[in-house]
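In structure tokens, the next block holds one chain alone, the form predicted on its own.
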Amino acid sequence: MTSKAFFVELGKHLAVFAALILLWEGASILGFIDTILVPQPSEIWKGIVDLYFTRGIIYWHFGITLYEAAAGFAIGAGLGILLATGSALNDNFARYVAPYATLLNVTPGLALTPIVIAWFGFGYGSKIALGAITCFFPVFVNTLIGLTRMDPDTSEMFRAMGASRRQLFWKLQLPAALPMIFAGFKISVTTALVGAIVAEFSQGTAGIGVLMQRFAFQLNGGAAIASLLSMSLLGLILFFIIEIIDDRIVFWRRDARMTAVSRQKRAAWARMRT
């Protein structure tokens, strides 16, 4: 897509968005929408300005929720990769681990909240733990599928060339599984955020979930929706961080990145020869 086509397409999306906002605002002014239940866009904008600029209270809560979600994701994804790798390399290990992973997945995270709070207390621990629990399974499943679905011809070629089991894992299994692993990351990073916010709703003194709950109880719909949009912003930030890392590591899936990396390696090789 050319830059001109991109801006034309962007302009169309912005025009549709502006029309919807104007329609929403007009319906609220004319009384077709109950503004107590559904605040006007202008009230939501006032809430955003108040949270981010006038009082600036969102940043502290934003940082807390970001820390809880990131820590929960790191723990849950780390355990998912570790257990999936063990399951892929050892059938006996998989036989005993997979049923418990499935049981954890089918148990609703919301139902675990009181137990998690009883185990980890009312501080950061319960939010991080619930985030880790909710994000574990997507990483576990995607990693396990990626590691066990090798191309048989390539695998046979590696064995014919005398590759050891370790070389087979690091040179073939893991690189082939990386796209699936990062797909699991993109799913689980948002579920980790959901887990942290659910724990904040249940008990908490700080975080975007707590802030939204306070505004909702005060019937301050504009600020509550502004807090909700802040949750969406946080989710987008976490998702795009994973997307950027994916683009840097799994570069061979994109022609532009593949060309750039090949050019860099060629230049590095030329410098070594000189």
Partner chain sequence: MSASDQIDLPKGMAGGASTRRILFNHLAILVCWVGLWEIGSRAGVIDPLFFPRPSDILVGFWRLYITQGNIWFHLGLTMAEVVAGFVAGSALGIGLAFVVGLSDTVRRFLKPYVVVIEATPRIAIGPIVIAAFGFGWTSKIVIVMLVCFFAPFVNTLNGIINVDRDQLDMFRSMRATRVQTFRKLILPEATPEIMAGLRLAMASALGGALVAEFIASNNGVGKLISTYTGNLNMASAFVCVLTLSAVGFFILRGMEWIDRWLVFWTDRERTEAVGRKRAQRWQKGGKL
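Everything numeric in this text was worked out from a predicted model, so none of it was measured. Superpose the two forms; the largest set of C-alphas matching within 1.5 Å is the rigid core. Residue numbers count along the first chain shown, from 1.
The form predicted in complex with the partner chain exists for this protein as well; it is not shown, and the discussion that follows is about that form.
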Original post:
Going by heavy atoms within 4.5 Å, which of 156-164, 139-147, 68-76, 170-178 lines up against the partner chain in the model of the complex?
Top reply: 139-147
Original post:
Looking at Ile58, Ile48, Ile242, Ala224, which has any heavy atom no more than 4.5 Å from the partner chain in the model of the complex?
Top reply: Ala224
Original post:
Thinking of Ala98, Thr107 and Ile197 as one candidate spot, does the partner chain come within 4.5 Å of a heavy atom in every one of them in the model of the complex?
Top reply: yes
Original post:
Quick one: is Thr85 in contact with the partner chain in the model of the complex, heavy atoms, 4.5 Å cut-off?
Top reply: no
Original post:
Is Ser232 close enough to touch the partner chain in the model of the complex, meaning at least one heavy atom pair within 4.5 Å?
Top reply: yes
**OP:** May I ask you to check whether Met212 falls inside a 4.5 Å heavy atom distance of the partner chain in the model of the complex?
**Re:** yes
Original post:
Taking the shortest heavy atom distance, is Ile44 within 4.5 Å of the partner chain in the model of the complex?
Top reply: no
Original post:
Is any part of 107-138 within 4.5 angstroms of the partner chain in the model of the complex by a non-hydrogen atom, and which residues would that be?
Top reply: Thr107, Pro108, Leu110, Ala111, Leu112, Thr113, Pro114, Ile115, Ala118, Trp119, Phe137, Pro138
**OP:** Inspect the rigid-core superposition and answer whether the C-alpha of Glu25 shifts by 2 angstroms or more between the shown form and the other one.
**Re:** no
